[in-house]
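One chain is shown next in structure tokens, namely the form predicted on its own.
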């Protein structure tokens, strides 16, 4: 492949409990203290989204009102990425910018749902009552908001990204495949520039309930990812928005924009999670990516089973590792893009952030090759190699 087709990261929009943008995240990770809400959703802790001034990236109040929080998070992060890549407002560029989004379903209006369910048993004509209140109490966009591709639609409306658009559903694997396909299209000459990423709102009762029913959640107080494996494990969810502008080296050079890092490869796979299957996939992926890295950034969720297996695999590589969910929580679709973004930030500034867990090794020097791994809570194994540009 010609170096002109290298996939470079030229813009990153990352928002989480640690703040927004590179400076906030790197400063928070350098002096790490967990940002956790252990009360509102007890017995489950949550890493809440930092306070956002929505108008900074979503100027129209009408646009803000018709979006649910997960869409606001995604649109906001996308705007930050476009700003950093010097693409915001460049109509000619945005008209040919491709977009690949990873997102889940929409959110319920809990107050309206509760009121309808409370009154329904005593209604004189329950069927008529239900039909009337579905029409009057639930906002017209509710059912459309269940469509994950509305995030891409809102990014197009607010920021003007109107090239080809693809939306993936499928939890962690969706985020990994979104980035894989964006890079593959750029490397193959099918795309010059792409906006890719996803968003997740962890501060919702329905999502926490679903994960808890699958026995994925940690009950009780905060502990970092690796340390919590000793007392039952479990994920701590985090609200995260992460989008990146990825473009070919030749295209970035023509625009005169600097790159944070290069994505040398992204590999994804899945298995039935039999003994040793995930580790075999990850080992093959690492070998295919060159079998060499200075350190690893892991998007491990903390969920019992896959997290222990991933740690065993990473320990076998002998690399310093950072489990970023210890800091920003697990965010399903954007978890892998966020880990890649943090790897790119580390390479761009020439410094890996300190350990987030007592089990993690210190790392001195400037990293130039970082392995990024993600094993989904249920399915999906992904690896990426992020290098100096």
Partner chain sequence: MTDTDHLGRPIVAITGTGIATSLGLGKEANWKALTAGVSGIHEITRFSIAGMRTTVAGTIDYLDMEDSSAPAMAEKLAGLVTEEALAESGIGTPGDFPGPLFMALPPVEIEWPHRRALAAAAGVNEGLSYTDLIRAGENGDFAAWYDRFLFGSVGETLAARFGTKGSPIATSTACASGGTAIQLGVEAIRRGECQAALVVGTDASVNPESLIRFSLLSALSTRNDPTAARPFSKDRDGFVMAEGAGALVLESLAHARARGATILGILEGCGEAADGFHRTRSSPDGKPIVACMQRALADSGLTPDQIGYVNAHGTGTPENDKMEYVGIAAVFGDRVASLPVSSNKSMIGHTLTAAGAIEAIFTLYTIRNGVLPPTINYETPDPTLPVDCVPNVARPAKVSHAISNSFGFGGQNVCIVVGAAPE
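What you are looking at is a predicted structure, and each value in this text was computed from that prediction instead of being measured. Rigid core here is just the name for the largest C-alpha set that superposes within 1.5 Å across the two forms. Numbering follows the first chain given and starts at 1.
A second form of this protein, the form predicted in complex with the partner chain, is not displayed here; the remarks below concern that form.
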Original post:
Okay, which stretch from 236-244, 222-230, 288-296, 187-195 lines the partner chain in the predicted complex, with non-hydrogen atoms inside 4.5 Å?
Top reply: 187-195
**OP:** Consider residue 369 of the chain shown here, and say whether it contacts the partner chain in the predicted complex, taking contact as heavy atoms within 4.5 Å.
**Re:** no
Original post:
Taking 4.5 angstroms as the cut-off for heavy atoms, does residue 163 touch the partner chain in the predicted complex?
Top reply: yes
**OP:** Spell out, yes or no, whether the shortest heavy atom distance between residue 18 and the partner chain in the predicted complex is within 4.5 Å.
**Re:** no
**OP:** Determine whether any heavy atom of residue 37 comes within 4.5 Å of a heavy atom of the partner chain in the predicted complex, and answer yes or no.
**Re:** no
Original post:
Pick from 209, 308, 258, 280: which residue has any heavy atom within 4.5 angstroms of the partner chain in the predicted complex?
Top reply: 209
Original post:
Among 44, 126 and 167, does every residue place a heavy atom within 4.5 Å of the partner chain in the predicted complex?
Top reply: yes
**OP:** May I ask you to list the residues of 6-30 that have any heavy atom within 4.5 angstroms of the partner chain in the predicted complex, in sequence order?
**Re:** none
Original post:
Do you see a C-alpha shift of 2 Å or more at residue 254 between the shown form and the other one, with the core held fixed?
Top reply: no
Subject >> residue 126 C-alpha relocation of at least 2 Å between the shown form and the other one, rigid core basis >> reply: yes
